[in-house]
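As structure tokens, one chain now follows by itself in the form predicted on its own.
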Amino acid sequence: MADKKENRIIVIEGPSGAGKDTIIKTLMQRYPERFGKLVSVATRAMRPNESEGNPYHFVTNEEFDRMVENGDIFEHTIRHGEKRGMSERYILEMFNANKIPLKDCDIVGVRALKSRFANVTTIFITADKKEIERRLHGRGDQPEDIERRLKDYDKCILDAKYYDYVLNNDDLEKTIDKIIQIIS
């Protein structure tokens, strides 16, 4: 188990449209020597616009099961018939490169990380529901996806109380500044 105090993991989570992916991408662009995105392992087939490590580390079912058996994958689920999970090996690789892993994951993933690592900081990103709806429309989501994501919003917001920090992302620059303050 890796639990060095100097090694830390930052979880950034929130409802769809809150800006968590934009925040992670911005942090990595501005501070490439400091941050890396922690990518999950998945058994689904790679799509034409994807590559190894983007958006997943792609493995076979057999490889995935072997990683679970040997303890490397310490949190996993089945989504849409495909296996997904978090690998300790990829976290340790980031630590060895002196990078802080950034991860978006739900409360189940947060609990798994906190049970495995000593220094996990969790930040829940939110925005007003009307603003979320505007953002979802603005990024071109399909109407049925927007409706589903807005229904999930209320459930997702209930989990905010389990995170170390809750930030309202009404201004990306201010939110990034607050996250840097939290991390520092």
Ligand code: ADP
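This structure is a prediction, so every number in the text was calculated from the model and none was measured. Heads up: residue numbers just count along the shown sequence, starting at 1.
What comes next is about the form predicted in complex with adenosine-5'-diphosphate, which is not displayed.
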>> Based on heavy atom distances of 4.5 Å or less, which listed stretch (28-36, 131-139, 154-162, 51-59) is in contact with adenosine-5'-diphosphate in the predicted complex?
In response: 131-139
>> Using a 4.5 angstroms cut-off on non-hydrogen atoms, would V166 count as touching adenosine-5'-diphosphate in the predicted complex?
In response: no
> Do V11 and adenosine-5'-diphosphate share at least one heavy atom pair within 4.5 Å in the predicted complex?
Replying inline: no
> So which residues in 16-37, when you check adenosine-5'-diphosphate in the predicted complex, have a heavy atom no farther than 4.5 Å from it?
Replying inline: S16, G17, A18, G19, K20, D21, T22
